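In the form predicted alone, a lone chain appears below as structure tokens.
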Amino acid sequence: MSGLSPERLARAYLVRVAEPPAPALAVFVAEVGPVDAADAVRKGTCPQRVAEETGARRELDLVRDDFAAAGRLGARLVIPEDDEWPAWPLLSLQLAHSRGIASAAPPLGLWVRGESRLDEAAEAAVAIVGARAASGYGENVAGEFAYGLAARGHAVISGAAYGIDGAAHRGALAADGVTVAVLGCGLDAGYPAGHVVLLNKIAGQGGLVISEYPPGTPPARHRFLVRNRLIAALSEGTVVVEAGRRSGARNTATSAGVLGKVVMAVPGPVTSAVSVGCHDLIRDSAATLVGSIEDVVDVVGRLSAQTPDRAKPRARATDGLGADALRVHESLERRRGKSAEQIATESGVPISRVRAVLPALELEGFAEHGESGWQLSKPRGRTRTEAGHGQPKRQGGAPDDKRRRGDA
């Protein structure tokens, strides 16, 4: 384990000996640092509440084995001391924890698989969650939303479960975007079995698979509930596509609300049991109703700067003109010629400068001199810009078959 810092080794030990969220240990580490905290836990000299969280496993020092298992997976341990640590998104957990919400304790470290940087993936991410036993409608909406958001450059975060989660991950991948799967077990657990190929694809195509549980940790219901706080924290907002009245997706939405994150819900048929949770959230004003990708982007706020209707405007042929040349050009007319003196008066550009600019505009094809004076040049066919050069590429414009694959 040469080359690993004392802080990384200490945190690798601590994330194994305490079952997340371990609020007392999180406070202790923040107070004394990970190295001293790990030493105190090993020796049993830590505060009583920390001892209660770590006592059952404090002699279980598998740091060497954990890094070896991570190496076989191509995974790494990202810790708060790293530049890659998503400090800003996870600040919401620290603030909630400081308010006495024990379940919001921040993670001590995150095992990460995939080549992208975790901080960059979480910079402008949106979580999409929902029912495992999803309807075709729900999976289609989740895939469409994920595709559209990923096409706009926003990471899509979900929990890799069957149903809505899987559809969201596949939609983002179909758009060649970044998607992050947050697991409630070790990265090597192979769970859910039907999504092993999907998880490999996420890690291998620019996405990330992450967990605060060390390698070898089996899945458990309480771990999925605990990981939901990470899905909520790492995203700008959470979209609940389908959810029962009591479900993990509702739990994620609750976590997002506690953390001060935006919560959104997609309405479904009033006869659908898997939309009851969404309708409850909307009715209780715990979530904003969203019915399109544009709704999601608008609600989240600052991400709206990248919606298609606010995309970069088409370049104009005159964009390269200087300030004086542009003012002179705007004073010209197509049907009526003007003298240099008239142009100077209308544009406010000095006459000497107008007389220098007009011949230059003529050479560039913007003006021409006729019997009645200077006027706009007659159209000579479309310019390169007008023919399509310089136009922004259409976002999310994948073929229909590719879009459908993302919704499957």
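Start at 1 and count along the sequence shown; that's the residue number. Since this is a predicted model, take the numbers as computed values, not measurements.
Another form exists, predicted together with a further copy of the same chain; not displayed. Remarks below refer to it.
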query: Residue contact check: Gly268 to a further copy of the same chain in the model of the complex, 4.5 Å heavy atom; finding: yes
query: Any non-hydrogen atom of Asp295 within 4.5 angstroms of a further copy of the same chain in the model of the complex; finding: yes
query: Partner contact for Leu73 in the model of the complex: a further copy of the same chain, 4.5 angstroms, heavy atom; finding: no
query: 4.5 Å heavy atom contact, Val141 and a further copy of the same chain in the model of the complex; finding: yes
query: Partner-contacting position among Phe224, Tyr191, Trp85, Tyr137 - heavy atom within 4.5 Å of a further copy of the same chain in the model of the complex; finding: Tyr137
query: The unique member of Ile282, Leu199, Cys185, Ala124 whose heavy atoms fall within 4.5 Å of a further copy of the same chain in the model of the complex; finding: Ile282
query: Proximity to a further copy of the same chain in the model of the complex (heavy atom, within 4.5 Å), stretch among 124-132, 93-101, 260-268, 172-180; finding: 260-268
